[in-house]
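A single chain, nothing else alongside it, follows as structure tokens in the form predicted on its own.
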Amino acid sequence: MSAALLEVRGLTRHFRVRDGFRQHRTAVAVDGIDLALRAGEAYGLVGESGSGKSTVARMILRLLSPTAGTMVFRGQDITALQGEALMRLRENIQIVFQDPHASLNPRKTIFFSVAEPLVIHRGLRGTALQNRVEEVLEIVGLSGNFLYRYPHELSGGQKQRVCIARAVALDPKLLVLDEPTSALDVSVQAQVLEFLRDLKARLDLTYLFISHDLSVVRHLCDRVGVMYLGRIVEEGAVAKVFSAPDHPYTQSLLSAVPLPQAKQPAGRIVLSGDVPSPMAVPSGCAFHPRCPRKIGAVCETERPSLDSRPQGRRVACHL
């Protein structure tokens, strides 16, 4: 591990949502998060659907502009980059989306899909372009026989490998993986995860791995941040957080992980109610309406800060 590659401070994103005729309300998708990714690590971002994980990823890639906060990548403030500077940034930050079937143009060959960023960013043509496309396909375990096939001729796992090849073709420093295995069969998921682990070591990549599957994060990541309703509520080394979670929400998530009957924990935590709407975020701790360990008015009125704990842990909880 080395110095921070990406630092995010107070990152916030609000959306204007129409609520009835001529009325708009504000949905808080991301609510002032802080995180830092060290060069060479795999950082997992987990939480329920709608917690804001993918919105964070899209802001880091500048596919969305933040409402507030700052993002610093390799010492450069990228919060408001535009034009040529933004294009240069995207050479170093690439993304692999959740659904490989929707990520590839069905009318274009695999060669075109992988070659396009090399043409746009590097200006490669002819033999140099052909050689680089073959090289990156070989890196992801696909032979030159795939060059002129179309997406419908590939399996789901092969399509995702093509998407990964396209993402690493420009030698990025940071690779954002937005639930890259959730659309694949279980057997194919295991193959892709092992491949991603090997690829990280071979190319010296830094991963931001977004998932709601805790077992996948345990397998691939070094550190993990747990999100609830747009906020990070716990962060730390994967082994520490998964073996002894501090925040009640993290405890409930881990208690719900399916295990063989012999290993099933006796104290499964069943939360009451539903996740509140991002258009009506509760005051104080956002988790307090569902928290089984709520301690009274302080949880309902005071927002807990994400405080540092021993062993590099950070937890946002009044307990």
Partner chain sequence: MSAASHPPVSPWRQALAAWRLRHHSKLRTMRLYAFTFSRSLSSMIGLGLVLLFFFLVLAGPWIVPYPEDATGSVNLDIKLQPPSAEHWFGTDEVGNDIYTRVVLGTQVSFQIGLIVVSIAMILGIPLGIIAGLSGGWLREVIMRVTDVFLSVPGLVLSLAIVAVLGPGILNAIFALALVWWPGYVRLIESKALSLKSEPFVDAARAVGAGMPRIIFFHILPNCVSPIVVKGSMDMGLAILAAASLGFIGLGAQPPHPEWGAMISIGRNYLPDFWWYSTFPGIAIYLTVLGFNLLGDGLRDILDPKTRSR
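Positions refer to the first chain, counted from 1. Computed from a predicted structure; not experimentally measured.
Although not depicted, the form predicted in complex with the partner chain is the subject of the following passage.
In the predicted complex, no residue of the candidate spot (L229, H247 and D307) has a heavy atom lying within 4.5 Å of the partner chain. Contact between A85 and the partner chain in the predicted complex is not found at the 4.5 Å heavy atom cutoff.
Heavy atoms of F97 reach within 4.5 Å of the partner chain in the predicted complex, making it an interface residue. The closest non-hydrogen atom of E153 lies within 4.5 Å of the partner chain in the predicted complex.
In the predicted complex, at least one heavy atom of N105 sits within 4.5 Å of the partner chain.
Of the candidates R90, K159, R223, K200, R90 is the one whose heavy atoms come within 4.5 Å of the partner chain in the predicted complex; the others do not. The contact residue chosen from L61, I33, L37, C291 relative to the partner chain in the predicted complex is L61, the criterion being a non-hydrogen atom within 4.5 angstroms. Checking 229 to 237, 135 to 143, 73 to 81, 111 to 119 against the partner chain in the predicted complex, the stretch whose residues place heavy atoms within 4.5 Å of it is 111 to 119. Shown here without the partner chain, the chain has Q130, Y148, R149, Y150 in 127 to 151 lying with a heavy atom within 4.5 Å of that partner in the predicted complex.
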